[in-house]
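Read the single chain below, which is given as structure tokens and is the form predicted on its own.
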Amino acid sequence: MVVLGFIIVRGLKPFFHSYRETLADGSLAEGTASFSYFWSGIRYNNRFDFETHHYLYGIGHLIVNSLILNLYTIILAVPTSVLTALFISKIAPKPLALILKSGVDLLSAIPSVIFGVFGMGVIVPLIRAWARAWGAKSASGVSLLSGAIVLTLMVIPTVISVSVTALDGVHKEQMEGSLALGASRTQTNFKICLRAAKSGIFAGIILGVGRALGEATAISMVCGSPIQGITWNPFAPTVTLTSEMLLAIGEAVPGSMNYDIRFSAGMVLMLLILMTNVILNDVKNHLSEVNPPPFFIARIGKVMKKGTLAVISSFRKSWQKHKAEKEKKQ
């Protein structure tokens, strides 16, 4: 809570505190950060607007790039992790399963910078070769796809470990009952084991996505850093919220706008992780129940609709009462 409170206080400071700084061209600027440009801008540092007296730091494109990168990561990591966990828990012989578990534990202990170095030395050249073979343009292999593959390698051990634990907890009686009813071993694994362990599997996915959203070092090494814009092309360089926060932080002077605005970006990152976890937990709860309730977003929409209708009804009654009193006086 202390860390959260500190980030929120420092993150809100650029929008209320006036900063007096000397720009690169020697001119003197004094003002606050633009709140609207901060959310909608497509360039992180767009200098200073002397008309509105606002510093223009935008992270709108960084949020979208982060979501795109993590979507690629989820698409690559989730099927691979779940199928690997199923193989380790239910299919592989015990000696092989122990070896694979040890390998997964070893992967989860590797620092992110090592994954970044591996990405630079192996994945980036591989993506460059693929791009040339398919006739796509790629900046030396440094791209969105390279970052997604590196993040996948980092996320997979976490999802596998939690999923294996969840699959090991499936009752043996459920499997034996399925086999006794004539189901094959494959049908039992996919229709009984995975369904019974889906709550734990989703927990692993949530942990993996949280790690992917917060990763900065490895991403900065393999994704590149374009100045502005949203990256849709998987073979093009990209920049995410975390990599932009890490970029040139050593050159930022403590107490300056360029320094404090990174706390604002960190506050948005925490909000992004929180929203992602809420959505994934909502999907998990929806799939875990026999008679699932509506999704959280649908429930919020229903509450907001009721609240809006109640406010309109109250306003209408007040207006009719006021109108009746006015007519009565006349």
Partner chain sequence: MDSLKSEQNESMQTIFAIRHLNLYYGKKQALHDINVDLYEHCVTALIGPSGCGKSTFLRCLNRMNDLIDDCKIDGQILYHGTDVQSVNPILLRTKVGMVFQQPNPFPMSIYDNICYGPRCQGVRNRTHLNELVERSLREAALWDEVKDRLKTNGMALSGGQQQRLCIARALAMSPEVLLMDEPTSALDPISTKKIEELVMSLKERYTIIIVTHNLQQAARIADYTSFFLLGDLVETNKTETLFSRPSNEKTERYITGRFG
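Positions refer to the first chain, counted from 1. What you are looking at is a predicted structure, and each value in this text was computed from that prediction instead of being measured.
Heads up, the form predicted in complex with its partner chain isn't pictured, but that's what we're talking about next.
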| property | result |
| --- | --- |
| Contact of R132 with its partner chain in the predicted complex (heavy atom, 4.5 Å) | no |
| Residue contact check: Q174 to its partner chain in the predicted complex, 4.5 Å heavy atom | yes |
| 4.5 Å heavy atom contact, V117 and its partner chain in the predicted complex | no |
| Contact label in the predicted complex: A109 to its partner chain, heavy atom within 4.5 Å | no |
| Proximity to its partner chain in the predicted complex, single hit among R195, R211, R128, K101 (heavy atom within 4.5 Å) | R195 |
| Interface residue in the predicted complex among S184, Q228, S256, N233, criterion: non-hydrogen atom within 4.5 angstroms of its partner chain | S184 |
| Stretch in contact in the predicted complex with its partner chain, which is absent here, among 187 to 195, 69 to 77, 152 to 160, 239 to 247 (heavy atoms within 4.5 Å) | 187 to 195 |
